[in-house]
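Take a look at this single chain, the form predicted on its own, given in structure tokens.
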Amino acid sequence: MQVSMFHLMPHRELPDDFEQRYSSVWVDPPWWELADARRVGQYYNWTLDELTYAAKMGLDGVCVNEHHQNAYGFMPGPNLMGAALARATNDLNTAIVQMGSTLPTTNPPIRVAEEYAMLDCISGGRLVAGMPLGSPMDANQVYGITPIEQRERYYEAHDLILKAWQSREMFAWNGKYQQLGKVNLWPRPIQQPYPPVWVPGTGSYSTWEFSARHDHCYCYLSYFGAQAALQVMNGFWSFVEDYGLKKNPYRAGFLQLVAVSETDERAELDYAEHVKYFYNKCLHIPPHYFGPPGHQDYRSLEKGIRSGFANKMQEELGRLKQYSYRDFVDNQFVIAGSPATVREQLRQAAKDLRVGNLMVLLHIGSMPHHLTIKNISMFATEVLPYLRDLWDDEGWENEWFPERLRMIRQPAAAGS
């Protein structure tokens, strides 16, 4: 199994009464009341240090993503972070997983193709090209994309990027949303015909179909743990089977919050306040921000309503503020505890969901830098080795990982 560290880069020091004083962590939190640019610069550098440390400790990839106007995770330019990480890890066998640049909000989308090609060249062919649709908060409210156009723009941008990477000749693109007379990318990716593409999603039927049609890796991103994800992933694998594709576990990815300490009791002492900070403050978002009319296509909307999944997620969000640390751990929103506890639960979760590309969120909410380093270190040395062989007995190849890294098991750096 391939395991990568995911990092949101949140604001780590929101006030205790943040959720009482402010309506949302996303779109409209006032910068001048809550943040200081010099302190934020420290957050960015800590984030880069933490991801670089994870790479040195043997994780298979480091992941960043794109969001705007929020304190939940503010990397508006993920490729700036990716460039720093690509250069810092050039002596390591670690994938640069861009989860990633949002396609509909980048105009023209060949900017994504160009920057991803740069990252693949800088890293020596270690890029994973994430292609997210974008949240309604980012795309619709902040960047002004009309919700009903968002998926159409996404599909067109995707097709343009892949053609731009592969075409041997300059070409004109006359799409509905993009008209470009001369497309002739410099540079091109090292990986041919193009880097592996990961498509993040939250359970939409259309995203399953899109991933399957183009043979991309579908990555379910959720903060509600493997138990809640089971319905979504069972549906995805049924769809894959019906579509006539092999149920290669590396066709899927999953994001899980993880916190490791010496014992279960010590884990609660170390991490409880930071877990509660994440769920109470970083997910303090009004429900109506999530679903503007037109953002979700009709088939996915209908499927979510009929299955009850949409209502279940809304109910879960409403209960978060009443949850204790034990509630988050017992429901496996966060897999936390001693190394033995974490590796047993995490291995079982990956097996139940049948995922071969696991992303672990090892920095959670307000965790300070030193505690994040401890979490990474304990995960890398005492949990990661027990996950490696999960799918080896089935003989699958990870076709959705940089080819030069697929068979490499990078050891943790002693004393890092």
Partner chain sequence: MTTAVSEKRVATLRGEANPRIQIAGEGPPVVYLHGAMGLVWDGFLDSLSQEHTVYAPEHPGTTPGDPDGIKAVDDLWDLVLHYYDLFDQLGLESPAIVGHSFGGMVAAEIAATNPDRASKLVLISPVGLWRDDVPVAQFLTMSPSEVAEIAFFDPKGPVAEQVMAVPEDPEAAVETALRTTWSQACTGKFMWPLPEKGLRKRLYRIKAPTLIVWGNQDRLVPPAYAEEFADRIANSRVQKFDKAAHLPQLEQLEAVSKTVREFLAG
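None of the values given here were measured: they were computed from a predicted structure. If you superpose the two forms and keep the largest set of C-alpha atoms that fall within 1.5 Å, you have the rigid core. Residue numbers count along the first chain shown, from 1.
Below: the form predicted in complex with the partner chain, not depicted.
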Would you mind picking out the stretch of 258-266, 111-119, 294-302, 82-90 that comes within 4.5 angstroms of the partner chain in the predicted complex, counting non-hydrogen atoms?
294-302
Just one of Asn140, Ser211, Thr102, Ser123 has a heavy atom within 4.5 angstroms of the partner chain in the predicted complex, so which one?
Asn140
Which one, Leu245, Ala340, Met170, Ile148, lies within 4.5 Å of the partner chain in the predicted complex by heavy atoms?
Ile148
Can you work out whether Gly181 and the partner chain are in contact in the predicted complex, taking contact to mean some heavy atom pair no more than 4.5 Å apart?
no
Can you tell me if Lys176 lies within 4.5 angstroms of the partner chain in the predicted complex, counting non-hydrogen atoms only?
yes
If we define contact as a non-hydrogen atom of the residue within 4.5 angstroms of the partner, is Pro193 a contact of the partner chain in the predicted complex?
no
May I ask whether Gly144, His288 and Arg306 all come within 4.5 angstroms of the partner chain in the predicted complex, judged by heavy atoms?
yes
Tell me, please, whether between the shown form and the other one the C-alpha of Tyr298 is shifted by 2 Å or more, with the rigid core used for superposition.
yes
